[in-house]
Every structure is written in structure tokens, then in C-alpha cells.
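As C-alpha cells, one chain now follows by itself in the form predicted alone.
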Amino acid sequence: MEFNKHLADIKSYEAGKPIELVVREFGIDPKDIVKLASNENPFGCSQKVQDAVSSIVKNMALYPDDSMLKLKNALAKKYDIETKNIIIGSGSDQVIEFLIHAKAVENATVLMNSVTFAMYEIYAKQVGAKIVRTASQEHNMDEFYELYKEHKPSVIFICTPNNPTGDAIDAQALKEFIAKIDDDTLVVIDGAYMEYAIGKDKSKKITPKEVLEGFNNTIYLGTFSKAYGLGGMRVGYGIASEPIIEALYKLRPPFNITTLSLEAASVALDDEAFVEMSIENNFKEMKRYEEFARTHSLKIIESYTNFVTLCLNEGQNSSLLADSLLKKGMIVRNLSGYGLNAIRVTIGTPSQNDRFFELTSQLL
């Protein structure tokens, strides 16, 4: 059987191992497993969200509100924008898929950082687009601009803060870069971890309203999977000018977000205290990871997210370390697939982090 010829050059995305798989493979008691691999909120979601979702389970026989008006109104209020500038996706990665299919036709060029979210490349290759990457590990906007002038890409992906490294771009430098890009090139700002960046350094802050008012060719992506603790609900969004949103709606399937997910995301936006608590814990515990790195002479990339990237030294092996931790019930992300001798670790609760430090110290 023949398939899309472009699939032959695509490596499937590998998500972080679920707890259930580790239980089956190694026979470890679930209560002894700590998952710090997928950048989920270690505190789960807010109690207000849990109560709201529980109250509407009886409506599961009905299709969800396909207008998603409640959630759009909540986002419009939060960002001081209009609902016509919003599209909701099953995770922000579904919006990324829409963007690629709307703009990156076969043989088009897509520009991205050397190390960044894997789905940009996977979706681009599905349509036969050419991938151009920077040489720098962290986003270098001068290098991006030189590659833009050389290749004239259809789409440019800017992930800030970046996954899987954690670095973030200065907001002013990013806006100056976008101002030099022609209107026919789509610039995608992936702000999945922006809540964390704003909590650490306001100079990294990019808002959807800034994007709307300043750039007709740019879309801002956000998600409820990180700071809001709704990874299992799969809700993301894109905010852009009307022509971009209208094009994306032609690709959106009906009822792509569940009733439970829409309610959870809408309520989560109102519980700012929960998000603030999560972010405060995150950066308090991050200092412990920075001290751990110093103690063990490891390089740690400065992070503006809810995870840290620990780069190992010569003679150390990230694959071996990640596998050894896994056998002890500690799930982290091995970054060897990104060409890095490093592991990415989600910042957990204090007790989860204690366990990581204990096990990793023994193995190093």
C-alpha cells in the first residue's frame, strides 16, 4: 500500500512515558513513580476547575458548543481583544497543524530554531515543506533574519520561552525582528510557557494584544496545558488578525474541543491565585536545581519555564542517565534525540524534586 510520500522522511513524535507504561515495564508501584518529563503542572489543576467539570458531567450526551463562546469571551476579556481574533484548538499543536496546512504548501520553506518543539518540523514535512534551521542553540534573531533574507520562508516559528531548552527572547528584540518581515510571511509566536516567563522577567513578555495591534502577519499561540494544569484536557488557542483566523477556520473540524475541556479552560482563566501559586513554587524550586547543577558541575540553561535543561559533561551519557532514572521510577526527558547530551526535567513539588536530587546524585 502506498502512502503520502512525505511520510517516509518523518520520525514520529515521542511523548514522555506515561506512568502506566513504567508500571507495566518495571513492576514499580505507581505511588513510587515520579513523572517529571512532560512539563505538566505538579499541582494538577485548581479546585475550582475540578468542581466545575464535575458539575457538568450529566451533559455528556450533547455535542459541545461549537462556537466556544464562553471560552472565547474569557480569553477576550483576559487579553483585551475581540473574539473574532481567536481560534481554539485541541492543544496549541492543533493550531500549529492548521497554520502549516494553511500556509506551507509543498516545497515552501519553514524556518525554525536549531533546537525547538519537534511538531513544527513534523507538520511541515507532512506537506512536503523544506525545513531551514538556525545554527545557534538559543534563538538568535540576527541569525533568523539572515536566514529569512536568504530563504524567504512561508512560515517562521519562534518558540519563546523555548521548548526543550527553556531560554526566552527579549521582547523588544523579537518585535524589532517581526517588523522587518514582509506581510506574506507568517510569523508564529509560540507562547506555551509565557506565563512562567512573565513571572520571572517582564522583559520577555509578549502579549496577544501587542501582536494584534502591531503585526498583521503574526499569530500568538497559548495553551492551558502548562501553568493552568490542564494537559489532559487538550485546549490551546491562537490569536491573530481576522484574515489569519478566517483561513484557519476553514481547516478546523467541528466540535474539536470537548464540553469538559471548554468548561475547564473557561474556569481556569478565572482562578489567577492558583496560577500565581504554581509559578511562585516553580521559581522557588528552580533555585534548588541551579544549586544542584553547581554542586555536580553541570551546565544548566537559564530557564523561563516550568522545566530545566541539565547538560551533562564529557564521559556522561544522557540516555544512560534517563534510562537508569526510569528503572528507579523517575521519568525525565532524554534530549539526545535533539542532538543534546542533556536531560529536561519538569520542576515538581518539593518532595518530587527531593527524590530527583537523591537519585540523580547517586547515578552521577
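Since the model is a prediction, treat every value here as computed from it, not as a measurement. When you see a residue number, it is the position in the sequence shown, counting from 1.
Although not depicted, the form predicted in complex with another copy of the chain is the subject of the following passage.
Novice: Among 317-325, 39-47, 296-304, 335-343, which stretch has residues with heavy atoms no more than 4.5 Å from another copy of the chain in the model of the complex?
Specialist: After filtering at 4.5 Å, what remains is 39-47.
Novice: Looking at the partner-bound form in the model of the complex, is residue 349 within 4.5 Å of another copy of the chain by any heavy atom?
Specialist: Residue 349: no contact with another copy of the chain in the model of the complex.
Novice: Can you tell me whether residue 105 touches another copy of the chain? I mean in the model of the complex, with a 4.5 angstroms heavy atom cut-off.
Specialist: Yes, contact at 4.5 Å.
Novice: According to a 4.5 angstroms non-hydrogen atom cut-off, is residue 20 in contact with another copy of the chain in the model of the complex?
Specialist: Taking the distances in the model of the complex, the answer for residue 20 is yes, it comes within 4.5 Å of another copy of the chain.
Novice: Applying a 4.5 Å heavy atom distance criterion, does residue 226 contact another copy of the chain in the model of the complex?
Specialist: Residue 226: yes, in contact with another copy of the chain in the model of the complex.
Novice: Answer with one of 213, 183, 272, 290: the residue that has a non-hydrogen atom within 4.5 Å of another copy of the chain in the model of the complex.
Specialist: Among 213, 183, 272, 290, a heavy atom within 4.5 Å of another copy of the chain in the model of the complex occurs only for 183.
Novice: Quick one: of 233, 115, 111, 141, which gets a non-hydrogen atom within 4.5 angstroms of another copy of the chain in the model of the complex?
Specialist: By the 4.5 Å criterion, the partner-contacting residue is 233.
Novice: Counting only heavy atoms and a 4.5 Å cut-off, does another copy of the chain in the model of the complex sit next to every one of 4, 101 and 264?
Specialist: So, yes: the whole triplet contacts another copy of the chain.
Novice: If we check another copy of the chain in the model of the complex, which of the residues in 229-254 reach within 4.5 angstroms of it by a non-hydrogen atom?
Specialist: Stretch hits, in order: 229, 230, 231, 232, 233, 234, 243, 244, 247, 249, 250, 251, 253, 254.
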